[in-house]
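Below, in structure tokens: the form predicted on its own, a single chain.
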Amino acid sequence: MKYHILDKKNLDSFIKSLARRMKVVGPVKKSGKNYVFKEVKTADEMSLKYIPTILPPKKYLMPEREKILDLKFESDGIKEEAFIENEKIAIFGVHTCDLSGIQCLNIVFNDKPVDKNFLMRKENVFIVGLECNSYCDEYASCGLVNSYMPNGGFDLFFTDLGDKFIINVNTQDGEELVESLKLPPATPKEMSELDKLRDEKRKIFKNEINVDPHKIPQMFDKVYESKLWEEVGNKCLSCGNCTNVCPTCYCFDVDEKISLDMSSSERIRSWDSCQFETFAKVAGGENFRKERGLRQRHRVYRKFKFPQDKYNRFFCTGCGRCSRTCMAGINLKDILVKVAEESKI
């Protein structure tokens, strides 16, 4: 594992050098406490001290809307042409919670049947992580799910050490970029500074709700039929905000856009939400999760129970986006506290 140093005064030249190689996106202040990932050309355009962006960087790996297939209806049959909108892109400033989200998506889309669109995009995405040196806000729960320390999923990872960044090089692409820029290796003193910073972080990022994370799957075993879900459902507006901003939600719908002359069609994939009433409706009008409480239960179980059973990891990354954006004021941490109280584990 290699570490290099970049003086902060040279960050702009780093970004400009990266932008000459590929499109660069980074965290940009939008309004108030809102931030978004968008294209940048210089370091000055970015806000490196930011709470999680409105949408996670998954939007560059799994776009909100994408064409996946072109169909031509001709006299000798139907001709299909797979279509993947793709470009080389660098995502700069990805927090550890969002790195964790990308890892979750990578697990899902590598599972059979593999998602070629996601995997091909991921091959063309260069990820530069950025360490959170201080706690972001009251909605985050990265201490609970242990997502506040870097754990892979990046090409380079930047940590602020005052007047410089120490850069963890994690891939061959990252190493080639660092070598091309002739960035000096980190000294033992600078490595010691990094260790000290991480020790201080462990004192700051504590478990936010005093629930043992190892017991969370067992807790959910006991509350499946709880009235808690009806209570949460009574507040829910079924707007889908929580799932749209989640870094690990990956449900989608597929629609056929047929031309008026019936000669061609486009197959479009777009984000969908398990919180929409139509999501679990099938032929004949049967709906397996008609009530909002059932849909909220499904959402929470998809973060803390089902992926634990299948992949042995939480699919909540602690980013806090779902609670931060909920128009009904539903807070995921409050739900977990109630689950713990009711399960008595």
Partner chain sequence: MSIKTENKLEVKESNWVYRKGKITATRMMTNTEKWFEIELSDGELGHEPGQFVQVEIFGVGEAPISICSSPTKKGRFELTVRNTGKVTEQIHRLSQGSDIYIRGPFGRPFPVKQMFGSDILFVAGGLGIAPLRSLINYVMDNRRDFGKVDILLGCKNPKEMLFSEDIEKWSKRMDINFACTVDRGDPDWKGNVGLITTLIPGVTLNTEQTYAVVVGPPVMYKFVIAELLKKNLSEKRIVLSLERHMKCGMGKCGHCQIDSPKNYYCCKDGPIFMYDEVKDSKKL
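Positions refer to the first chain, counted from 1. Small disclaimer: the values here were computed from a predicted structure and weren't measured.
Another form, the form predicted together with the partner chain, is not on view; read the next lines as being about it.
Visitor: For the chain shown here without its partner, which stretch in 194-202, 147-155, 208-216, 222-230 has non-hydrogen atoms within 4.5 angstroms of the partner chain in the model of the complex?
Guide: Stretch with heavy atoms near the partner: 222-230.
Visitor: Looking at the partner-bound form in the model of the complex, is Met120 within 4.5 Å of the partner chain by any heavy atom?
Guide: Contact with the partner chain, yes.
Visitor: Would you please decide whether Asp163 lies within 4.5 angstroms of the partner chain in the model of the complex, comparing each non-hydrogen atom pair?
Guide: Close contact is absent here: in the model of the complex, Asp163 is far from the partner chain, nothing within 4.5 Å, heavy atoms only.
Visitor: Considering non-hydrogen atoms and a 4.5 Å limit, does the partner chain approach Ile78 in the model of the complex?
Guide: Yes, contact at 4.5 Å.
Visitor: Give a yes or no for Gly284: in the model of the complex, does one of its heavy atoms lie within 4.5 Å of a heavy atom belonging to the partner chain?
Guide: The answer is yes: Gly284 has a heavy atom within 4.5 Å of the partner chain.
Visitor: Which one, Arg313, Arg65, Lys49, Lys41, lies within 4.5 Å of the partner chain in the model of the complex by heavy atoms?
Guide: Result of the distance check: Arg65.
Visitor: Which of these residues, Glu179, Asp111, Glu138, Asp173, gets a heavy atom within 4.5 Å of the partner chain in the model of the complex?
Guide: Checked against the cut-off, the match is Asp111.
Visitor: Heavy atoms within 4.5 Å of the partner chain in the model of the complex is the criterion; list the residues of 233-253 that meet it.
Guide: The stretch 233-253, when checked against the partner chain in the model of the complex, contributes Tyr250, Cys251, Phe252, Asp253 at the 4.5 Å heavy-atom cut-off.
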